[in-house]
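Single chain ahead, written as structure tokens, the form predicted alone.
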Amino acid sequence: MTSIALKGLKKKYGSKHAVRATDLEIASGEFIVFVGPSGCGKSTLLRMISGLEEVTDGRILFDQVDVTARPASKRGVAMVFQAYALYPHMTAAQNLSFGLRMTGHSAEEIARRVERAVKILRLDDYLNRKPAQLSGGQCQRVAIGRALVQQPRVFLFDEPLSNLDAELRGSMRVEIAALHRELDNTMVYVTHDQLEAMTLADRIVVLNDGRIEQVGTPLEIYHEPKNIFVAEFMGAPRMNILPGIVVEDGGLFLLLDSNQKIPLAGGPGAVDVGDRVSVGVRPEHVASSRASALEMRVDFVEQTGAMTHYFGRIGGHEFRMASSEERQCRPGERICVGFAAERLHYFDAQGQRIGAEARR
């Protein structure tokens, strides 16, 4: 197991900042997931850790030893890519052993390592098949096995499940999680899929425009987003954000652009009349309520089986509701929606969270 420390790490391509000054501590044996939109710098950051990308500035430390200038082959890392990159003319067994044969390991050592990988990844039935005879999930397991036999200090995954269908992604998530539990290696995993991030990570690193927005456990990220970007990025459908101005009307209310009001009773206590504030609420915490004065116009209805997602608008802002109720609303309807005050998240005019308390 290996700890990783990133100290002021930067990467520039000409005048463009791909990764801005980044500081991050990854504990030995931790499963860290980098998540963010396309172009946020997550794969570049991973490639710098691996040694495949040169560092513009800053340092990378493995177990407090500076490896910034050390080539990839000398860092003790193994990387699994989005493309399986298997040799098409070789069988699965030959693909698994190829790297070890090229580095001069003995036949006995190669057999021992390959046997262990085959057992862990349940590849026994596929060893004599070539990649064209394997499914996508089987190819990815061979690719992971090829990394596993290297016995690396650190496993690095760069969107390894992106090419798989939904069912295979689900089963491979389970296998990767089980692999981490068995090996207890340090793993760093890149994805744009928030479900992968939530289900796999010990901690999630949310990236945007080359900088870290928030680091935390999956539940911390979900329930206590540091800012509006994190709040909207993590969650599907994404969190509703309603901006307004704080007014006094027998209590504090948030006045929306539609002249509708949201009571701020039980709020963070750090807002005053005249402040511009946004409140956020997750779609699953919204319900139709005849007692509420907040009106939503339904534009689109999405059936998912257990839940029905309603997409519409409140005033000039998009709004979403996830409901398990049997009653179905139709596009064009106007419904009253409500939510408990303790489910609200509060953000200031700069989009930063107000109050550190989790509201669950």
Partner chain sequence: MFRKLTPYIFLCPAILIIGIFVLLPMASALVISFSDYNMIEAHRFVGLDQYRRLLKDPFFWNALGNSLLYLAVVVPVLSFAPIFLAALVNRKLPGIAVFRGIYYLPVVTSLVVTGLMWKWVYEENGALNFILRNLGLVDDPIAWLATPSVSLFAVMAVTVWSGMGFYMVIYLAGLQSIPKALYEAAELQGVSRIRQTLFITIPMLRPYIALVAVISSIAAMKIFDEVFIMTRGGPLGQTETLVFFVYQNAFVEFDMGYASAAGIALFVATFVLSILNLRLTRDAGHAKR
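Residue numbers count along the first chain shown, from 1. Just so it is clear, the model here is predicted, and its values are computed rather than measured.
The protein also exists as the form predicted in complex with the partner chain; that form is not presented, and the subsequent description refers to it.
Open item on the list: Although the partner isn't part of this model, could you tell me whether Phe229 comes within 4.5 Å of the partner chain in the predicted complex, counting any heavy atom of the residue?
Closed with: No, Phe229 stays farther than 4.5 Å from the partner chain in the predicted complex.
Task: Distance check, Arg47 to the partner chain in the predicted complex, heavy atom within 4.5 Å - done: So Arg47 counts as contacting the partner chain.
Task: Interface membership of Arg113, the partner chain in the predicted complex, 4.5 Å heavy atom rule - done: The answer is no: Arg113 has no heavy atom within 4.5 Å of the partner chain.
Open item on the list: When the contact criterion is heavy atoms within 4.5 Å, does Leu255 count as touching the partner chain in the predicted complex?
Closed with: No.
Open item on the list: Partner absent here, but in the predicted complex, which of 234-242, 159-167, 191-199, 83-91 has residues with a heavy atom within 4.5 Å of the partner chain?
Closed with: Stretch with heavy atoms near the partner: 83-91.
Open item on the list: Leu219, Val246 and Gly280 - do all three of these have some heavy atom no more than 4.5 Å from the partner chain in the predicted complex?
Closed with: No.
- [ ] Would you kindly say which of Ala270, Val273, Ala107, Ala132 lies with a heavy atom within 4.5 Å of the partner chain in the predicted complex?
- [x] Looking at the other structure, the residue within range turns out to be Ala132.
Open item on the list: Between Leu127, Ala72, Ala287, Val215, only one gets a heavy atom within 4.5 angstroms of the partner chain in the predicted complex; which residue is that?
Closed with: Only one option qualifies, and that one is Ala72.
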